[in-house]
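Single chain ahead, written as C-alpha cells, the form predicted alone.
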Amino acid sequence: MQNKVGNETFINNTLKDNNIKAKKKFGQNFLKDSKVLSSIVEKSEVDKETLVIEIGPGLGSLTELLCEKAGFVIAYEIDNDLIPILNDNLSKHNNIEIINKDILEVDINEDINKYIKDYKKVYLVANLPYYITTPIILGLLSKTSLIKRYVMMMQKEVADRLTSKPKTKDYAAITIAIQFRGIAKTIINVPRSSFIPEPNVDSSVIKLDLYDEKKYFPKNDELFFEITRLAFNQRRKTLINNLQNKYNKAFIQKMLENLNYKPAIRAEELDINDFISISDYINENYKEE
C-alpha cells in the first residue's frame, strides 16, 4: 500500500495548506522518496515486539510506516507547528505517542520505561536533524542502555566518520567512541534530491548495533575518551604534539618508546586497542606536576 504521507505531492500540499515552510533552525528536510522510506523500515527489522524511538518525525512519512510495523512508537518532535499535522496524519494509529520536546532535554529512560514491559527490544529509527546529529547520538549513548539498535539517517560525511577504519581520512575520535559501544555500518546511501527542500549534501543511513556485553575494558573509561579526543585534536599533528597540550612531552615520548610506537605516530594510525593501551599507561604512570 502506498504510504500517503511519504509522497512528494502530499508533502508540498501539506506545507502549503498549513502555510508552513521547512525550518532551517530545526534542520528540517522532508524525505519524499517512498522507496528509501520503506528500505529504512525494512533494514531496521522492526516488528510487533519492537518499541521504536523516532526523533524529528516531521510530517510523519517514516512514522506512518513504523506504526504499521512496530509494536509502539515514541516520536519526539520539537516543532510546535508540526504537532497538529502529525496528530492528523497519524490519527488512524493507536500505537504511538508524540512528545513535543527537544530530544536533548528529555529523560529518555523514563519515557521508554512507560512501555518497555510490553516489548522485547528497543530500537531507534530516525532521520536525524543534521545540525545536532553528533550530540544526539553521543547523548543517547551516554544516557541509556535500553536502546540496542540505532538506524539513523544523517549527512553522508558524518556517516563516513562513524563507520570508518584506521588510516583513512574519515577516521576520528567519534569513530572510536562508536566502536567502543557497538558495530556500525552504512546500509543506505540517499541522494540530496530525495528531500524537500533539497539539502546541500548527500545522506546515508547507518545501522549501529550495540554489544550485548561490554567488549572493551580500559582501566579508566573517562580518561580513555579524553585521550582519544586529544589525540585527534589536530589531525595533521603527531600524537606527541596533540597530547602535550595536557601532558609533559618527555613523558609522552617515554610512553611511546615503552609501548613500542614510533615517535612520529599520528592518531589516525591507531586502533581502539592502541588507545586503550595508551590511556592505561597514562592512568598508571602519569603524576600531576
Ligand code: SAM
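Don't overthink the numbering: it's just position in the shown sequence, from 1. These figures come from a predicted structure and were not determined experimentally.
Another form, the form predicted in complex with S-adenosylmethionine (SAM), is not on view; read the next lines as being about it.
**Q** Only one of 179-187, 120-128, 142-150, 156-164 has heavy atoms within 4.5 Å of S-adenosylmethionine (SAM) in the predicted complex; I'd like to know which.
**A** Only one stretch passes the 4.5 Å heavy-atom test: 120-128.
**Q** Is there a heavy atom of F30 no more than 4.5 Å from a heavy atom of S-adenosylmethionine (SAM) in the predicted complex?
**A** F30: yes, in contact with S-adenosylmethionine (SAM) in the predicted complex.
**Q** Can I132 be called a contact residue for S-adenosylmethionine (SAM) in the predicted complex at 4.5 Å between heavy atoms?
**A** I132 belongs to the contact set for S-adenosylmethionine (SAM).
**Q** Contact between L82 and S-adenosylmethionine (SAM) in the predicted complex at 4.5 Å, heavy atoms?
**A** Yes, L82 is a contact residue.
**Q** Look up in the predicted complex whether Y171 has a non-hydrogen atom within 4.5 angstroms of S-adenosylmethionine (SAM), and give yes or no.
**A** Looking in the predicted complex, residue contacts with S-adenosylmethionine (SAM) do not include Y171, since no heavy atom lies within 4.5 Å.
**Q** Only one of E97, D102, D209, E198 has a non-hydrogen atom within 4.5 angstroms of S-adenosylmethionine (SAM) in the predicted complex; which is it?
**A** Residue within 4.5 Å of the partner: D102.
**Q** Using heavy atoms only and a 4.5 Å cut-off, determine which of I108, V205, I74, I78 is in contact with S-adenosylmethionine (SAM) in the predicted complex.
**A** In short, I78.
**Q** Using a 4.5 Å cut-off on any heavy atom, which residues of 264-285 would contact S-adenosylmethionine (SAM) in the predicted complex?
**A** Nothing in this stretch is in contact.
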